[in-house]
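In the form predicted on its own, a lone chain appears below as structure tokens.
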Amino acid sequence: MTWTRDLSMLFATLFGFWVLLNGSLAADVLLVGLITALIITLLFRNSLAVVSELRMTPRALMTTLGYVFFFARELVKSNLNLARIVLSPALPLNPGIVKVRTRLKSRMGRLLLANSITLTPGTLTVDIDGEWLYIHWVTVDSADIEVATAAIVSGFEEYLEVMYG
């Protein structure tokens, strides 16, 4: 049952992208999109399963929109913070690698978390090992796992947990 649902979600996602990217509802475009999405779904059903992990509930879709705004805000904040550090005469750097824990269970949720952390200046996800992420942090405030997790991961997790679990 779950396998069929996952394949259906994968097919629907691929076909949806096809329609969005083509911007046409012409019969020939839709037919090519259906065939292409079906072939990709059947050939790559195991390796593209992460695409279908997004929960398709109204709450998850609204949370996705909120996540985009949250990420944009964090991106601006971290850029300004890093610019302040770089432009400071004292250059208050305290680089290091911290270990943080994520509550996220899905592969795609963890991947998005790691990429979101990496895309915000001042942090870089170095490794993911199960529930543990190893992050290079330009200004390590604390090596304590709970404090580092709260500072780096928690905001993103609130959104990703609703979207991916």
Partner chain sequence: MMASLLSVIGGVLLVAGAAFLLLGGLGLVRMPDVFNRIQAGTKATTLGTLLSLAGIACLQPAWTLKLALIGLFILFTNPLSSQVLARAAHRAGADKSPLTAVDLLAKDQLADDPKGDRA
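Numbering follows the first chain given and starts at 1. Owing to the predicted nature of the structure, the values given are computational and were not obtained by experimental measurement. For the two forms, the rigid core is made up of the largest set of C-alpha atoms that agree within 1.5 Å on superposition.
Just so you know, the form predicted together with the partner chain exists too; it's not on screen, but the next bit is about it.
When the partner chain is considered in the predicted bound form, Thr118 lines it closely, a heavy atom lying within 4.5 Å. Looking at Ala150, you'd find every heavy atom of it more than 4.5 angstroms from the partner chain in the predicted bound form.
At a distance threshold of 4.5 angstroms between non-hydrogen atoms, His136 is in contact with the partner chain in the predicted bound form.
The partner chain in the predicted bound form is approached by Gly96, whose closest heavy atom lies within 4.5 angstroms of it. Contact residues in stretch 5-33 (any heavy atom within 4.5 Å of the partner chain, taken in the predicted bound form) are Phe17, Leu20, Leu21, Gly23.
If you fit the rigid core between this form and the one not shown, you'll see the Cα of Ser154 move by less than 2 angstroms.
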